[in-house]
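Given as structure tokens, the chain that follows is alone and in the form predicted alone.
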């Protein structure tokens, strides 16, 4: 897709500069960091800034190389070949973004290897065709090391094919600005939501699989901005998505009640 409107993105480090040099040198880019730290929004912003089409694939355990490369389909009385998003990006000179690449099946990693080195080629085995990537093609993937530590960890040989940028939760001032800009709530409410997020992230003893993302805080702000009571909005947008454990839920709700 081609983005018509500029996505809001607040730079937090040198990620824009790294992106620009990576695409200039035709190097693939790996974005590392927890869920909701702005990786996908960053890719959208850079695609808009570079005026390049963007294909995004949210990877999961059933995502296969065929899903990315393409397949034969029946259309009327004919069997025709249909390019997948990766193949279209290679041909068109677009950005392909594989979100949470480690979730995908192993054959995906094998299929993209030749696109992540000097060859920049993609082999379509069902067509017996090898295509060379357009000069503007860029391969981007994201990876959450903390969540996927273990059997879903990316192999070192794969990670070393990428230029890598780490994304972390923004500093308080920046996160407050993001919440305010994205949700439309006032500065004081944005600041309170930021503090709630920071407090929960520091409660490591709760053993949460995932902690509070900036995305969840923005969602709470949006609910507040349309009139949902602040405590209820924060509970349903921030607390409930984090856990199903009753004791943990109670502790988090008590914390929210004290802070907002």
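Computed from a predicted structure; not experimentally measured. Positions refer to the first chain, counted from 1.
Form predicted in complex with a small molecule: not shown, discussed below.
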Is there a non-hydrogen atom of residue 192 within 4.5 angstroms of a non-hydrogen atom of the small molecule in the predicted bound form? no
Taking the small molecule as it sits in the predicted bound form, is residue 12 near enough to touch it, meaning that at least one heavy atom pair lies within 4.5 angstroms? yes
Looking at the partner-bound form in the predicted bound form, is residue 215 within 4.5 Å of the small molecule by any heavy atom? yes
Flag residue 56 as yes or no: does it have a non-hydrogen atom within 4.5 angstroms of any non-hydrogen atom of the small molecule in the predicted bound form? no
Out of 194 to 202, 64 to 72, 27 to 35, 226 to 234, where are the residues with a heavy atom within 4.5 Å of the small molecule in the predicted bound form? 27 to 35
